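Quick heads-up: it's one chain on its own, the form predicted on its own, in structure tokens.
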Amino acid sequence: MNTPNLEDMGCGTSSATKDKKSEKALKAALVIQNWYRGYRARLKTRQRYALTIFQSIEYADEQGQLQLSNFFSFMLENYTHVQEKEPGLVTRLFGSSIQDKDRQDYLELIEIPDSYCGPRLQFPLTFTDIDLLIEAFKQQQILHAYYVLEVLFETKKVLQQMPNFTHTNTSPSKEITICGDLHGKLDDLFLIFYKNGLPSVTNPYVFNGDFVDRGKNSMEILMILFVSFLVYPNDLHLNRGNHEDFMMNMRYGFTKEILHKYKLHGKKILQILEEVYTWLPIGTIIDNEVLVIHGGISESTDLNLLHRIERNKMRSVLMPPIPMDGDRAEKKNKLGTTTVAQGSRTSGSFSEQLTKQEWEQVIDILWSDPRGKRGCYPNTNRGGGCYFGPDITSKILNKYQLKILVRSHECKPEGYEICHDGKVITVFSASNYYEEGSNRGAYIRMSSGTTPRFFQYQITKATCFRPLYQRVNAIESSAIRMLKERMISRKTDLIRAFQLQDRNKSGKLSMGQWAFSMENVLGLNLPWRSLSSHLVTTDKDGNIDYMSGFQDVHIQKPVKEVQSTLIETVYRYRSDLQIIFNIIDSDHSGLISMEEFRSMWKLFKSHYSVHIDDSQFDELAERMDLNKDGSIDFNEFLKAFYVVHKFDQLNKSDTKLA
């Protein structure tokens, strides 16, 4: 019997056809896959550029904040008769200890009305109070000022008994959780507790500083952490960050949040909170192997010295020690001449300062950042602390028989980062820090003899259903908006720099000339060539119309007659000026006299080398004194300077950073 030929019956042809179709489908799938990978890579590049802008501007602001310390020293030296006029001002600025205040002085006049429907805490606190507080804050209730002050006083009392570094131990069956910056983002804290459990004897935590500022719920986070600490003082560890600082709070939002939520008793809360900050420990050591500090280290970090310092003398990173000799202090100013600051007996607390060496040691552990480059060199981006390389990490860890440094202080796209051959871990717990979708948050779980485990998350609300490209577009748009505001605040300086390069007065520069001028003036260390398409227009020859960068944005003038240079200067330094005026305004009234206003402006102008005629500022101040009573509401004054983006809607189209 003859066997049929399968090919003659068409079976072979059918199989070959199927193979060809499968091959085509596979090739198509690979093409689509490669395209999608490239597409996502381009989106991630755009997102990375946007994060670089956010971070560069953030660090530049911090640099300006730290430079204020020089101004306050300058002010002490030059403010005429400052001691006689405002002895309290000098003590507030430079005294490093605060007289203990009687709890009853604060609480006896505060009544909790029957109409109050928020959480009611019972002292001594228990686990029930933690649960009560969390549930109340989920309902957006406000804790009454009476309870806030009670918690602050109790927290201070317990903190005063604690060492500079908290030592704690784990075991294979008892892990510890380390959280980084929260920055007022309450939903992140709720999510951490939901995923990881509430603090308890069997579930210990370290919160590594920067609980407050930037986010809108710093008070709620602080209360949850402090109440949890009071219930479990041996199992919840709080490290001080660079934002646990009353001067930082003035700039980055927490002071404003307190005064808004507690209009009647906010000033009292701020006074006690300032003391509580100074008693927070500056680090935690786990199993004698893991050092947990907020920022980092330097080549001169001395843990033995840091264990001994009187940490409560560190009131603010902006207040460096001022050398005093008896009742007088001599300092060299920037011109090289010697000025004498009167140290009247009202400022006897000057003797209660950290030494310069101690102060610098604390600055380093609160502000420093790791880098891949070997050595230790100034942290030029932030203006404080240092950059430390892998060799410095090995040197310090080996010196003190430690294995790992866990720190926070830097936003990371994935919520954490490992560097220096696994010896340095950065953990950052505030997701969406710069913008919705900008970064994940993370926390670490570790125990003795085990590898650290990382847990990531991201709070999502309205954006969770938006495609990736829309989320990246939103992040880009916000980043470019901030960058344009930075540019307009330096418009005069930028135009001067452009015109120096534009020798033919053509209004155009090469890409290299434009990028050089932008970096030279703004100093943000950004990839200007890559960003140029979003900031300026370029002709067919690749030349840049440098004035086009200012076409869609301007600073609103509160008074039309005032010159643009003054408007730019006030806008650029508005955060610094607000802090200075807040310091003068010791009663938080929001008002200062015209005389104080002018005196501080003259000192500020001199110290920052601002070349503006006093008559211009005087005219502006006169016009802003709306009721002509000789006082100025400086917060309203500074709010009058804001940037207008003319083409916001048009710019939300499809422009990209990469």
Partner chain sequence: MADDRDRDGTEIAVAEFHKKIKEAFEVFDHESNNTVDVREVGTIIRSLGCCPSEGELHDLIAEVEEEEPTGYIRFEKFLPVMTEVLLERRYRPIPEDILLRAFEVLDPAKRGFLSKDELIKYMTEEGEPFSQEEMEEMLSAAIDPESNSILYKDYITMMVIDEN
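None of the values given here were measured: they were computed from a predicted structure. In this text, rigid core is short for the largest set of C-alphas that superpose within 1.5 Å between two forms. Positions refer to the first chain, counted from 1.
Below: the form predicted together with the partner chain, not depicted.
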Do Gly118 and the partner chain share at least one heavy atom pair within 4.5 Å in the predicted bound form? no
Can you work out whether Trp528 and the partner chain are in contact in the predicted bound form, taking contact to mean some heavy atom pair no more than 4.5 Å apart? yes
In the predicted bound form, is there a heavy atom of the partner chain that lies within 4.5 Å of any heavy atom of Arg40, even though the partner is absent here? yes
In the predicted bound form, Tyr49 touching the partner chain (heavy atom, 4.5 Å): yes
With the partner chain left out of view, choose which of Leu305, Cys419, Leu500, Met547 has a non-hydrogen atom within 4.5 angstroms of it in the predicted bound form. Cys419
Could you spot which one of Pro124, Gly449, Pro467, Pro113 gets a heavy atom to within 4.5 Å of the partner chain in the predicted bound form? Pro467
Could you tell me which stretch in 370-378, 105-113, 576-584, 269-277 has residues with non-hydrogen atoms within 4.5 Å of the partner chain in the predicted bound form? 370-378
Applying a 4.5 angstroms cut-off on non-hydrogen atoms, the residues of 19-58 near the partner chain in the predicted bound form are Lys24, Ala25, Leu26, Ala28, Ala29, Leu30, Val31, Ile32, Gln33, Asn34, Trp35, Tyr36, Arg37, Gly38, Tyr39, Arg40, Ala41, Arg42, Leu43, Lys44, Thr45, Arg46, Arg48, Tyr49, Thr52
With a threshold of 2 Å on the C-alpha, tell me if Gln33 counts as moved between this form and the one not shown once the core is superposed. yes
